[in-house]
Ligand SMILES: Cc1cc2nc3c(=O)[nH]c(=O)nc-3n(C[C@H](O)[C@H](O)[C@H](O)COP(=O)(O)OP(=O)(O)OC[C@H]3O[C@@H](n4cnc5c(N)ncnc54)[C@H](O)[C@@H]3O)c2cc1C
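One chain follows as structure tokens, the form predicted alone.
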């Protein structure tokens, strides 16, 4: 069962339909989980996560129909993903601490909590949950069932189509009260009843009062973020670009600048069948549109492609915290042995936003209008 399209043209068509049919009600409707197929939200996140479609593209499409100040909440939701990524870039030890916890939690087949069971099955069947239900689910996981937030983050990691290390890790920490320190998100039965349109009402089933033990929470000064100003796309002899799940449209920037390049697509396999099939279909759409893009699924095939194309300069998508694919000694040392110059290209969208993401979202939000101006994103009406 899926609610998602697999071609760029369909993704754009769906977004246009959402913009013209639902977005004007987004602020008032976005917190309601009416159940699949979730018409009241865009469901653009699995594509944004892979940059199958970019933030710039999404905002330019919806701003053909709306003024910026009329869809501020939607614009903020697009920036939340950017904010989480930027925040984790300046606090990388947070992800290291999470990764050091490698215990998964076996979920009881029946908890007796109808809404929790429903969301669990919806996630396993579709790879998606409404954002509000993710919050409720995480809260019940931690405070009612008594499981660790790390094991819950692992559960989402293994099953979400739009899994993002930053959004997932920090979202679970936020619910647990470790991100906004001492302020956990506690799921309330009345809130669930209202925002599920009375589909669920777990009265007397949830632990709605919780005293947080935050004695192990520590503070460290955030790292300064390097803007990578040297990452400017230029014409180079024998230029190659490798696409992967960190950025499936990076080659389009080169095409817009009329830069000649060779391209391959690294299609690494996911152990979750649903996620793997979703990714495969996105990869197929890319290759169908540009048939000279070579598909590879291991480092040895990449090395062969580099030799066959005589690549001398290589562009790779930037790898933010938790998204390491090529930033490995095995790979980089081999590239150096081939005497290839390489760069991990950081998009201007991220380079402009990440330095503002060291504190809370309220502080970051003050910069959104300036960031839109830097990206030359404006309303068409």
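Positions refer to the first chain, counted from 1. Predicted model only: the values in this text are computed from it and were never measured.
Beyond what is shown, the protein has a form predicted in complex with the ligand; the following relates to that form.
**Q** What is the one choice in 87, 266, 128, 283 with a heavy atom within 4.5 Å of the ligand in the predicted complex?
**A** That would be 128.
**Q** Counting any non-hydrogen atom inside 4.5 Å, which residue from 115, 71, 160, 94 sits next to the ligand in the predicted complex?
**A** Only one listed residue qualifies here, and that residue is 160.
**Q** Name the stretch: of 104 to 112, 71 to 79, 196 to 204, 267 to 275, exactly one has residues whose heavy atoms fall within 4.5 Å of the ligand in the predicted complex.
**A** Stretch with heavy atoms near the partner: 71 to 79.
**Q** Just checking whether residue 353 would be counted as a contact of the ligand in the predicted complex - the rule being heavy atoms within 4.5 angstroms.
**A** No, residue 353 sits far enough from the ligand in the predicted complex that none of its heavy atoms falls within 4.5 Å.
**Q** Find out whether any non-hydrogen atom of residue 240 is located within 4.5 angstroms of the ligand in the predicted complex, and reply yes or no.
**A** Answer no; every heavy atom of residue 240 is more than 4.5 Å from the ligand in the predicted complex.
**Q** Would you check, heavy atoms only and a 4.5 Å threshold, whether residue 164 touches the ligand in the predicted complex?
**A** Output for residue 164 is yes: heavy atoms within 4.5 Å of the ligand.
**Q** Wondering, does residue 171 line up within 4.5 Å of the ligand in the predicted complex on heavy atoms?
**A** Because a heavy atom of residue 171 falls inside 4.5 Å of the ligand in the predicted complex, the answer is yes.
**Q** Scan 280 to 296 and write down, in order along the chain, each residue with a heavy atom lying within 4.5 Å of the ligand in the predicted complex.
**A** Contacts from 280 to 296: none.
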